[in-house]
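First comes one chain, alone, set out as structure tokens in the form predicted on its own.
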């Protein structure tokens, strides 16, 4: 697969909103008499959806970031800030690098928001926007797919390698195929922690940087780029990686052919045929901790609690709200719900306490957590 074709998959596919019907999940149907006792309790949400009709500059939302009571949404037409029920929009006219905002990160120490766009990296702080591009800084490439903040450093995933900005000194470090093991240079995602930094690299799997030593390592699919899994749980599920989330010493990786979890010793891979994933085509993954994670796919939002799965989406055939639960034995149950995310093509997620905010191809969705006693 050519890199240009992959670029088309990432963006053009997000705009191809018609989805073919498919079976909601794989597994065995639970007899009606046994459902009440057998169905695991999974989180439920009341979804409130935001589009251009109520404030967004564009309903195509690439990224979402929770900043306390403030929510940031990266759209196709600028950056939207939501607070106290009101929207504030930042555009190129305000100093934003480019109108399409692909990624967002928060510097929790300073409150600055970093926005990766199709035309550079922007820092929004106290109403001021500073922009970094290839022309005025050491940014590797102006197409910024991912950004993460850890300590004094801003880590950036671009269409031409990875880079790092030291916010104290202003110095940049650049990495590509010449000074790392990466074979391709399209870096789609980054996740940074004090000990390790991970990059999802299209065609080169998962790249690991050790903060203490500055050493690089690379994890690849043992089956190479074949779409058939020959070696189960023997390594990364596929080299076409789309995102990475590193939390509590556990690495979660999303690809367009399934997903992986790595604890530093063992791999565990997830496919639709043996998990609750609604699709193997996963745009992003975000971990809650080492055992719980959310997967944003092209056919719905999936939550994994370490044992069971839940899927939240508008049904692919009817468009009606749908929640599907799959237990460890493979039993699948449809849970009656009245609301769903804005669209089944999911692009990003962030957490606000027990609530979730989801970026979709047709709006931003706020999943308001429903306590168990409200289920009846």
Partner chain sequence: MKRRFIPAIACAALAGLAALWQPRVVSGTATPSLDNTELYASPLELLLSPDGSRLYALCEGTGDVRVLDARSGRTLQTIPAGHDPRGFAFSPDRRRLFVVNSWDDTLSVIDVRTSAVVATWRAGFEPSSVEEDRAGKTLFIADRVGNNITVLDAATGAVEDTLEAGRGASYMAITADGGRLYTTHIYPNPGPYRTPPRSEITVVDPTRVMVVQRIPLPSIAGAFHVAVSRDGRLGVVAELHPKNLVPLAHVEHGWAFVDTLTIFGADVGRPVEVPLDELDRYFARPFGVAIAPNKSRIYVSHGGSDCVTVIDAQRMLAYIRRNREPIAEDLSASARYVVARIPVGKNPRGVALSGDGNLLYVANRLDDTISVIDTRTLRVARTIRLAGPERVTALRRGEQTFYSAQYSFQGQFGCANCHIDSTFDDLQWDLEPDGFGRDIVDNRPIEDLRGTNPFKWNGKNPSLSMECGPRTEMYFWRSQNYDDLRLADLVLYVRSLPSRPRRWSTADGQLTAAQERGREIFYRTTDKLDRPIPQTNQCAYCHSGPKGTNQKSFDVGTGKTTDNSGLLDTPQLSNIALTGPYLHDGSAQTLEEIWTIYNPHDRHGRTNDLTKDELNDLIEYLRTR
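Quick caveat, the model's predicted, so the values are computed rather than measured. Residue numbers count along the first chain shown, from 1.
In what follows, reference is made to the form predicted together with the partner chain, a form of this protein that is not presented.
Please determine, with the chain shown alone, which of 206 to 214, 233 to 241, 110 to 118, 250 to 258 has non-hydrogen atoms within 4.5 Å of the partner chain in the predicted complex.
-> In short, 110 to 118.
Applying a 4.5 Å heavy atom distance criterion, does residue 140 contact the partner chain in the predicted complex?
-> It does: once the partner chain is placed as it appears in the predicted complex, residue 140 has a heavy atom within 4.5 Å of it.
With the partner left out of view, is residue 168 within 4.5 angstroms of the partner chain in the predicted complex by any non-hydrogen atom?
-> Close contact exists here: in the predicted complex, residue 168 approaches the partner chain to within 4.5 Å, heavy atoms only.
Taking the shortest heavy atom distance, is residue 265 within 4.5 Å of the partner chain in the predicted complex?
-> Contact check for residue 265: no, nothing within 4.5 Å of the partner chain in the predicted complex.
In the predicted complex, residue 174 touching the partner chain (heavy atom, 4.5 Å) | Heavy-atom contact with the partner chain at 4.5 Å: present for residue 174.
Considering the partner chain in the predicted complex, which of 292, 273, 183, 128 comes within 4.5 Å of it through any heavy atom?
-> Looking at 292, 273, 183, 128 one by one, just 128 meets the 4.5 Å heavy-atom criterion.
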